[in-house]
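Next come structure tokens for two forms of one protein chain, structure 1 first, structure 2 second.
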Structure 1
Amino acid sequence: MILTRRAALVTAAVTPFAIGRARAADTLKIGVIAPLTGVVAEPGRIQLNSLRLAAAKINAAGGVMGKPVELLVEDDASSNPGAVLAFSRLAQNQDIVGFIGSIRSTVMNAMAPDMLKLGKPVMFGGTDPTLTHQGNPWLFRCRPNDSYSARVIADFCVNSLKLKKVALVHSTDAFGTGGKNALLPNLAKMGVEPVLVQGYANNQPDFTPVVQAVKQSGADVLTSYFTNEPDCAIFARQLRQLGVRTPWVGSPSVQSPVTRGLAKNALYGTYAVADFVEDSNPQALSFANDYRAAHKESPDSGWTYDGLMILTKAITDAKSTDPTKIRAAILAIKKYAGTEGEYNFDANGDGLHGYNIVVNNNDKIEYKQHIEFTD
């Protein structure tokens, strides 16, 4: 069952349980904060669809400790204030045992203090490395953080492409700043100082000044950390319109179906680090096929699917809904085969420790390799 307050979604059962029985039964309630309106509503819709698939699979197998999973959804309106308000609404429901947070690092940073106060597990996708290093024991990341994406980008540019005149374009929000701060020292270790480090504010209608800066920098490779898919698409189109053909190695937004749908052939030939690639493992392919069968489109990630699967596995392993016991059970998870890769949670709450490299071959995302780190 899925409930939402602000997104005008119809309450729907996603279980084989009869509707009357599901309403009467004691359900396992999971709070969900998702961007269902605003600039990133489209990826938010895909993430919620992925959660529905996970809930349906869990409930088809009998639920969790005999209870069907119920998703209680609040719209964050694609903004930090909206996210804080959405979480506060959910936090008032004492029956909620855990949460699915956001893929946006800036949103997670905004909600993190209240999440710490509440003291219940939150599965999230934001990749700012600092989120799991601020003493908040309730945050569990279901994507690799940007300390790993930065290492992969730096290694691929210098050792695979053999290019060292690096331009870096990044959002000035938590995600983009975290990516920049992770990439620069990794380049420095390879003896590379970027020829350009250019920040930008989110939700720009025109990236011409940024593109001109890249063009005039003399860079032979472009790297980027874009937060919002529409921004990335506008930048890509203007980059090509102004004649910049520099090889581009970007964060996951470069290969997102949403970005590709907006940018079209402007992204052909680009590289990206990608946490989710359906050809990278059997779980990802199975999930992608199920998603396409249900929604007639491809998913852009599997982290919300993994997040709900892992959270409910931890509750089952703990045989309890006590937050402390669930937390311990999550941290004990090792070698869990998810759609995003093999989860091995460390003491900080990071579950994944590597990235895939992909290339956009005429709008077909081709998996090249996976790079995993053990340190």
Structure 2
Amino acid sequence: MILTRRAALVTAAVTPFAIGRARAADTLKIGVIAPLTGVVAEPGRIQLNSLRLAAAKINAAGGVMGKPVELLVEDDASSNPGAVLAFSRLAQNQDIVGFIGSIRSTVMNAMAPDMLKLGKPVMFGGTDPTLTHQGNPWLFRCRPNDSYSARVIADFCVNSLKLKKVALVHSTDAFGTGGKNALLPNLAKMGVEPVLVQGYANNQPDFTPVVQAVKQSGADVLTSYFTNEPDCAIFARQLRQLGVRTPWVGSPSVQSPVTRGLAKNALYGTYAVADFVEDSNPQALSFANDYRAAHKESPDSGWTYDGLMILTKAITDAKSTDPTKIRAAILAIKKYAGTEGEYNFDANGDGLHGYNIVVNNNDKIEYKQHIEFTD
């Protein structure tokens, strides 16, 4: 009896180790930190599905340097401490060659010190511009950062719509404040001083004070950085109820399916910047079709798909899993056609430098134009 139990224990202790070693030789391991639980679990699920789609595509084409890609996923529980733990757990695995990080900037900020210490490439989606400007060479962004969304919003208002009395409504959280801080200098460059800059705290049941402020400012165009979709929808409805009809150019939340579902006709005619738009390029359309075929719903973002594609392309280009060589190969990527647009990595690690503008035409999101910057 005692013998059997000991034997069982020994087997139990040895087996995963042995399997781990055996498989280590077979696959190319990519670590993924994604919110599987908690408040942002929903987008996390879509990001993970997209990644699996990319991995399946790569593996169907023969993998990377002859090895299939394997995703090792850890849950960040939608929180900063959770993300730090998730990353450090993955970091222990010596076989992982690179990581897919988070779409949330504070989560990236929390993990960044450990990422710097580990020294392996991380593809991420958080749009806080400073993330690629803090001397951490291992962070590579697969979405255009907020300075570009801000530039595009400013450019579209002033040059395309020819409107200069700009009002800005922004959340006071990291995303909204980052957007505000990026938009104001871009407007200033065009000689525009906003007639109203109004912050609000997330999760408000009522936006009357904000709407009244917009109404009284005399703005002829409204710009916005909303974080939470219900906030955006409540604001939109009250805005229309209280009779504000000015054009509205917002951050992506204005055109997200959830916001449109909540606000309905209050959002008709609004413009938004969008990093991922299905009909903006053939790659996006093909990815969206594949995703729909697999999951019966439309994807709202393609950055994790692009991230894995670029990471594996860089490994193939470098013919090595050495982090420094992968880094050099990523930075060498130019004119790569991804789902989110054309990637031209700059020295900071930013891959994309432009945004799409879309318009809500009776609840149908239409691609309007792409604004790209080269500097």
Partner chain sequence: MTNFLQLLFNGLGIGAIYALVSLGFVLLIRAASVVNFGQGEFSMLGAYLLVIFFNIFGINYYLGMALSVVIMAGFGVIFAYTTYWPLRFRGGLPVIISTIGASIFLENMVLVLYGPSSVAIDGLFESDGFEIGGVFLATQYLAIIVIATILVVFQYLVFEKTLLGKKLQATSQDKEMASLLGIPVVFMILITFAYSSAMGGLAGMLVAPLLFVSVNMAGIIALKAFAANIIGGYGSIPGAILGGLALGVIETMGASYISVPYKDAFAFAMLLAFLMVRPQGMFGEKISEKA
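Start at 1 and count along the sequence of structure 1; that gives the residue numbers used here. Between two forms, the rigid core is the largest collection of C-alphas that superpose within 1.5 Å. Since the model is a prediction, treat every value here as computed from it, not as a measurement.
Between the two copies of this chain, it is structure 1 that is the form predicted alone.
Once both forms are fitted on their core, the CA shift for residue 142 between structure 1 and structure 2 remains under 2 Å. Residue 360 is among the residues whose C-alpha shifts by 2 Å or more between structure 1 and structure 2 once the rigid core is aligned. For residue 269, a C-alpha deviation of 2 angstroms or more is recorded between structure 1 and structure 2 after rigid-core alignment.
With both forms fitted on their core, the C-alpha atom of residue 219 sits 5.1 Å from where it sits in the other form; this compares the forms between structure 1 and structure 2. On a core-based overlay, residue 170 has a Cα shift of 3.2 Å between structure 1 and structure 2.
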